[in-house]
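Presented as structure tokens, the chain that follows is alone, the form predicted alone.
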């Protein structure tokens, strides 16, 4: 099919027959990334725990039949090193994490262990694996020291984080900077041949996300049960973006790291345009309208743990230097999510549905 050939040649065709290791591949974002990489012709390997939710995209899209999976803890240094030695990947995209803010209040030690030492473990494994040429560590927009101001955060803003999750991701960024300076220094690139960058995305949404304490998964669960979805912090503003947006950014970045060396070895923001930065209640009203009958919401008035109220990313560097730009506005993103979830509830083949959305995105 012509469209598939076109997609395979994206990113300069760099992923075709290339060994790519994705950590956290059984998660929501990781599952989408594995499907994209297979469409691009990559030889995909995954390292992660078993899926955390039931249902989950990894199983619904039968991704285990497409790639080679290794099931293990990112904190299991011995097994991780063994997998890296066996696979000898050329590109590593690290997404294994404890990614829920509210969960981090319940499990702060686990959150810091996974998000900080997990980063140390994968970077150390990369350091001793001679095949590795490009590494992307995926963190979050919440890694910045949030001052609740109304302008966007740039990549040179200081790291911070109020809650354990956000703070642990700020720490992960510092670990990345340390390894880049100490072991993958740009000035000595000809000696080590490794490029290391970090990627910071906004509030990622899309079909196949069933995590707890996330707006859209909570919304879908409520609809299925015939209940109103309860929303927290209705006026909290977030940089909402479809999962395809940051993933396309990670792939552009990894390709640049692989082909052009240390020039792109730094931190990068991948967020939506300003028009798509909306508050929680605005998003909820849009979803209710798009879903139709049976969709409604109420505001949870119970006390909530602290979360940032205002958060926006400045992505001008990625647009100028990488040529990356968002393709789907928030309306298109929400329509695709509603279509995905209705297809799931109607028993459709979810690998085909997901691949169709990937093809539609890249056809732009």
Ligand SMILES: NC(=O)c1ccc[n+]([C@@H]2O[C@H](COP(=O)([O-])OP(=O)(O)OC[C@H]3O[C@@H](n4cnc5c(N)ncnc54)[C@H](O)[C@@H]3O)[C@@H](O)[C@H]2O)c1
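All figures in this text were calculated on a predicted structure; none of them were measured in a lab. Positions refer to the first chain, counted from 1.
Below: the form predicted together with the ligand, not depicted.
Listed residues 89, 249, 202, 207 were compared with the ligand in the model of the complex; 202 is the one with a heavy atom within 4.5 Å. Only one of the listed residues (96, 143, 253, 220) places a non-hydrogen atom within 4.5 angstroms of the ligand in the model of the complex, and that residue is 96.
Although the partner is absent here, residue 155 is not a contact residue: none of its heavy atoms lies within 4.5 angstroms of the ligand in the model of the complex. The shortest heavy atom separation between residue 121 and the ligand in the model of the complex exceeds 4.5 Å. The ligand is not drawn, but in the model of the complex it has a heavy atom within 4.5 Å of residue 73. Put simply, residue 49 is close to the ligand in the model of the complex: some heavy atom of it is within 4.5 Å. From the list 332 to 340, 291 to 299, 60 to 68, 27 to 35, the contact stretch for the ligand in the model of the complex under a 4.5 Å heavy atom rule is 27 to 35. Along 157 to 179, residues 165, 169 each place a heavy atom within 4.5 Å of the ligand in the model of the complex.
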